[in-house]
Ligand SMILES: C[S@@+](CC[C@H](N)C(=O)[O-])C[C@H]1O[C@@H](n2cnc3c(N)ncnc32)[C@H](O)[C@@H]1O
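Read the single chain below, which is given as structure tokens and is the form predicted on its own.
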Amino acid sequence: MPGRQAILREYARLAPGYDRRWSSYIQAGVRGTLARLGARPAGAVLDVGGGTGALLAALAQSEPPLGVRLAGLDPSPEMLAVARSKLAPAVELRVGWAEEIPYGDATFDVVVSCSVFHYLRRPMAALGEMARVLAPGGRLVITDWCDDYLACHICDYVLRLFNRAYYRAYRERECRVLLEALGIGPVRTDRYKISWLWGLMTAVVQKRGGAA
């Protein structure tokens, strides 16, 4: 797929300096995601599109230690190589796409994806896969750019014109509609600024069928 090839080329190029270049944005996304995750994760956590492993590193460094199984999935081998350099060997990292998650049904208690949604050309296919690998009672957590903010809206417009790897950003309402269409449980969304220009949103879905 042309879009996938563009993503792989872009992140092979960006991987060596990615953490340094986007440090404040990455950490703001991690903080926003963890703050809205709710109860501390237990069991097994999958980070879809985990890139250089910032979110997994934050979970692994939690005090007291979480004692959970941590796994990360990303299509870019170069980004995962950076992640491996900062994560313990026990953290499982796999190359793969959100639309084709290489795990069995109901494998994880938390599935999280941070700053990935604007690259997904088939968002419902990706969400369906995340829901499939999520255990009953588990939480699906999506953090991404929020097109309700002017700077995000302008950036979205420019990237659609000039960046073949990029797909689109969503408004908070649009994100909620997609997650409600998934039909696995109640959806809670929140949008918030991380600078005077830029804003994110986080959506949390509680999958029906078990205790959190």
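If you're wondering where the values come from, they're calculated on a predicted model, not measured in any experiment. Quick note: we count residues from 1 along the sequence shown, nothing fancier.
Keep in mind the form predicted together with the named molecule is missing from the figure; the text below concerns it.
Worksheet item: Among the candidate residues V91, V133, V82, A98, which is the single one with a non-hydrogen atom no more than 4.5 Å from the named molecule in the model of the complex?
Response: Looking at the other structure, the residue within range turns out to be A98.
Worksheet item: Candidate spot Y103, F108 and V110, all three in 4.5 Å heavy atom range of the named molecule in the model of the complex?
Response: No, the candidate spot makes no contact with the named molecule.
Discussion item. Against the named molecule in the model of the complex, would C114 count as a contact residue? Criterion: heavy atoms within 4.5 Å.
Written reply: C114: yes, in contact with the named molecule in the model of the complex.
Discussion item. In the model of the complex, does L87 come within 4.5 Å of the named molecule, counting heavy atoms only?
Written reply: Contact check for L87: no, nothing within 4.5 Å of the named molecule in the model of the complex.
Worksheet item: Using heavy atoms and a 4.5 Å limit, would one call V68 a contact residue for the named molecule in the model of the complex?
Response: Flag for V68 set to no.
Fill in: Close approach of A169 to the named molecule in the model of the complex, 4.5 Å, heavy atom
A169 lies outside the contact set for the named molecule.
Item to complete: Any residue of 3 to 26 with a heavy atom within 4.5 Å of the named molecule in the model of the complex counts; write them all down in order.
Response: Residues within 4.5 Å: I7, Y11, Y18, I26.
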